[in-house]
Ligand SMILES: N[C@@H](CCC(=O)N[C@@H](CS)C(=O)NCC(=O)O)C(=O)O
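So this first bit is one chain, no partners, the form predicted on its own, shown in structure tokens.
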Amino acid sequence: MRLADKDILTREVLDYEGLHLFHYATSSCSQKSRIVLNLKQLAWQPHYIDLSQAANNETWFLGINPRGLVPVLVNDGVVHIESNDILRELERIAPSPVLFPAQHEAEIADFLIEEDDLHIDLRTLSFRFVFNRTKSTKPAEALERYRNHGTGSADPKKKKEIAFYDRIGRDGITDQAVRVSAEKFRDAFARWNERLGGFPFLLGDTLTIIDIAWYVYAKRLRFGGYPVQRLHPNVEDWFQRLDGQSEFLDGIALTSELKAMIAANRRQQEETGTTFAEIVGW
């Protein structure tokens, strides 16, 4: 999705030359974009948007993306705000290696929609089991600024974001919510596991953008305690092959501090009987 000129209120980005990515370390969509940039060996200028400090709800950033989401790609002053469209733009800029093969065009479109539809479910499981959050940490004033900026809740994508934060602000991230989200991923991974019984990659014999998208999801869920190896051994083998490549590891880019925090959260959950396995019941 290329952002319309009238919606770009932070006008300075229109003068940016080259590739600029506004991103955050643990944003799954940012991780996808960084992996693609690595694989295509593209030079880019990073702009770090600290989601933990609600920097994505500041007026400056909302002037680039009224949805308040990362990543955002600016290519020679043209602003792209939808993560899967950003990936297609990178494919257009650097066609090699091919990540959107023409023979899989219809499948890729469908699978990217499915992956995008699971984003809130990934966030639900991430907040609870990776980052050890049961309530929203978004400041009320930041959420209100986001709610009232520009299109407000008219944009369906923005409406979905607001609904998520309203829900966890009211109810928290409940056991039932994580069970529902976990079952969705179990169904999806079961299908991939069957497919990987006959192919080295998710769509066949070559790496595609779908492998990158689901690698990011598998990496995050494994951090949260999802038993990929036990439930989906073919997915685990596929994951390990990708996880050994520097382009993937560098795209995830977890600091030692973040790794330590995740490990500490896991230990606390083990001590209190609130691990993924114990809550979901698998």
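A quick note: this is a predicted structure, and the numbers were derived from the prediction, not measured. Just count from 1 along the sequence shown to find any residue number.
Below: the form predicted together with the named molecule, not depicted.
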Contact check for I173, Y226 and E270 against the named molecule in the predicted bound form, heavy atom at 4.5 Å: no
Partner contact for R88 in the predicted bound form: the named molecule, 4.5 angstroms, heavy atom: no
Close approach of R123 to the named molecule in the predicted bound form, 4.5 Å, heavy atom: yes
is_contact(E82, the named molecule) in the predicted bound form, heavy atom dist at most 4.5 Å: yes
Contact of Y165 with the named molecule in the predicted bound form (heavy atom, 4.5 Å): yes
Segment that reaches the named molecule in the predicted bound form - one of 184 to 192, 101 to 109, 203 to 211, 115 to 123, heavy atoms within 4.5 Å: 115 to 123
Contact residue in the predicted bound form, chosen from V36, L51, L242, V235 - any heavy atom within 4.5 Å of the named molecule: L51
Contact set, 16 to 37 vs the named molecule in the predicted bound form - heavy atom within 4.5 angstroms: S27, S28, C29
